[in-house]
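This document starts with one chain, in the form predicted alone, laid out as structure tokens.
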Amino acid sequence: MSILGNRVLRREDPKFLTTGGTYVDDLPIEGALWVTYVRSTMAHARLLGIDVSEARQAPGVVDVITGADVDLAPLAPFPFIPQTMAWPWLATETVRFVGEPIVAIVTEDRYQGEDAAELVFVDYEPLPAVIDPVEALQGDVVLFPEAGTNVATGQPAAGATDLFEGCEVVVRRRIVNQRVAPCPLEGRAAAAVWSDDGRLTMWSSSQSAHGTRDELVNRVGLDPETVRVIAPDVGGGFGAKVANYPEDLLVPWIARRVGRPVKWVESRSESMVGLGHGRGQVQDIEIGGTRDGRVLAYRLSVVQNAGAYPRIGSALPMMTRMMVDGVYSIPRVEFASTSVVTNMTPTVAYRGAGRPEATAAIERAIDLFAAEIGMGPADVRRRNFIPKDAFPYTTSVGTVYDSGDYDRALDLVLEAADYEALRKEQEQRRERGDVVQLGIGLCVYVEITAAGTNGEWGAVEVLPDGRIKVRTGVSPHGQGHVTSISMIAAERLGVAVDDVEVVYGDTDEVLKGVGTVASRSIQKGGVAVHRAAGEVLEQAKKVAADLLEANPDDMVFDPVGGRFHVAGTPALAKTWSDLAAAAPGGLTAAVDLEGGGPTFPFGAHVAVVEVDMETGKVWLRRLVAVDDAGRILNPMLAEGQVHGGLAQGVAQALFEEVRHDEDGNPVTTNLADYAFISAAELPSFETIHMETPTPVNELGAKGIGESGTIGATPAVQNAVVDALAHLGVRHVPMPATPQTVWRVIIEASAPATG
């Protein structure tokens, strides 16, 4: 019986629950200096002067570095973005967001850097700030005069004038997918040591050690053979730590300049304005169809807020476009996007990275359409699903979905939620005129995982004592990779899970790797390990055949005991330790996985909320979720990912938003002002098991890390709107805070004038 599919306890947990993890800030680096960054206090300004003279004389200061001292080319954006929109290591002429680093101060102790930073005088000449991406399009304020525009990139629409021809009903609505802060509990951190032979060792709180190494090679001009990057325990990433920032990458350069080890760990307030933000789309949706519920046409136009320096955030609409149709078979679909720069923290990938935005748009559009024609939202969805027998299915924009069964997911979630009973309760509350009204929201979603991330590397080695060492290019930051990767190797090789050592996050120990992004770890990293273990198994059969003087074709592998014997004579067998000792070059194999393509997890969520009609307060009472990620290797780990994803999805719908004043000053710079969700705001989630294996890989696995977030946000937002629907309300902006909901109720209740 295979161990795969069983609830195996996390091997990582004893360490985290007892001695604790080892994070960059915990590293005992002898003689390490501290870096403190002086950051811009203005969103947009010219730098007329930077006086660091007093800071240089402050106690413990070893060096003070300005942009003029940095002999590196600015961090250039993607090739399809104007190269004049490059990100300087330290600002020299212009600052473009509050929190942009201007000066680096190097001190003996951390507190000394904070004191010295107060002595730096920056002479600003304020410039008008633009924080609204739609206003940025107009170009009244241009962040990069050399570019002559705020447009970083775009995807034009075909501009079909007849897109909605034949539609009996067309609904249009502008919605905003607001900016959010990733808020990993461990912020960014980096440390660097140069050895006497000129070799660099860097520790980084990163989702990809190899990605960080490659950035150092490309941006700082280092030889890859002289760079070792280690990602130790990482306290959360959520996509924001895929990117490498000037503050991180400058640490090795500073260490080389001062000739001593150097360490940098950002504070929470720094993280809120310096770590990249997520989402940030203004979406114009248009949906049309017939009064019997058939959707015939859909158009989504997006303005993406890329922040001050356009990097991956400017490309997120490409992912939105890939998933624009959602789970629906719509004959005519059109997508257009424009990514613009604003005086805000740069936008990066955040749990879902472009795909949640697509789902939020289409799922709100379906609800708006259903309300307009007076049909139930579940019925409209079912009327337009891609049928189960249509897979593999090619969407209107050319995305090929591997497998799916959206009808069954909806059936399961409606049954588990007792949807009809909820509707009856809602009707009764409305008839009684209760102060607290009930709202039921639906979302049926599909997403893409392992998209655009190429392959992955994995290696398996049998140690002399018969234990197994696995090296993998993916690395964990909370997902439980040590457990899942161990399970894959243990199942293939017939050893105990505890007899598998998993090595990751070290460019000296692991030849290559893409890292943990895009919910790809099992379907890429896991498959690579699975195949490498298979190759080791074949090597072992040949060695066993030699030892037992038999034909390799007659060898039998007993996975229960991890033993090899000739068919028919199980009493005479060889163990892994026997074979490791006998194999001339050892038993080892490495697989550099290529191809395989992405997969398309899907699911259905039902959110149940209560809304106080007098105060606007929203309570999430239930969240019922079906999240189908193909074959589930460890249900416990999958549930953990779903639970975390649901929490973040709910947070965006009800609480979280990065906000700025009209001058571009952030007003959510700590966890007192930014409504970071906690367990106190969440119900016990109700999750339902469903598996639709993918044909894309031999494990049948799809990604699970982002699914919960993608489905939860529109389900909860739709539920809030539904609670107010009897007032004629058709939309409630996110986040649905009491103030926002109260205003919507007041506007809907006001007597009509005119």
Partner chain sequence: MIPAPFDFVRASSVDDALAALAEHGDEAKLLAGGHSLLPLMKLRLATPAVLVDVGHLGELSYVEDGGDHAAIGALTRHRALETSDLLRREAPILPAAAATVGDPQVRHRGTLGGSLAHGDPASDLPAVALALRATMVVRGPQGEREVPADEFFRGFLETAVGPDEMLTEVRVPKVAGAGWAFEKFTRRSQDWAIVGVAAVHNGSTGVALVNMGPVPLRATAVQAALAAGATAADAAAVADEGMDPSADLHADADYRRHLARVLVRRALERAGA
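Keep in mind that this is a model prediction, so the values were computed, not measured. Positions refer to the first chain, counted from 1.
One more form of this protein exists, namely the form predicted in complex with the partner chain; it is left out here, but the text below deals with it.
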property	result
Listed residue (R429, R110, K469, R219) with a non-hydrogen atom within 4.5 angstroms of the partner chain in the model of the complex	R110
Interface residue in the model of the complex among E639, D214, E681, E461, criterion: non-hydrogen atom within 4.5 angstroms of the partner chain	E681
Listed range touching the partner chain, judged in the model of the complex by heavy atoms within 4.5 Å, from 339-347, 264-272, 568-576, 543-551	264-272
4.5 Å heavy atom contact, T22 to the partner chain in the model of the complex	no
In the model of the complex, T668 touching the partner chain (heavy atom, 4.5 Å)	yes
Partner contact for C183 in the model of the complex: the partner chain, 4.5 angstroms, heavy atom	no
D506: touches the partner chain in the model of the complex, heavy atom cutoff 4.5 angstroms	no
Residues within 4.5 Å of the partner chain in the model of the complex, restricted to 111-128 and counted by heavy atom	Y111, E114, D115, E118
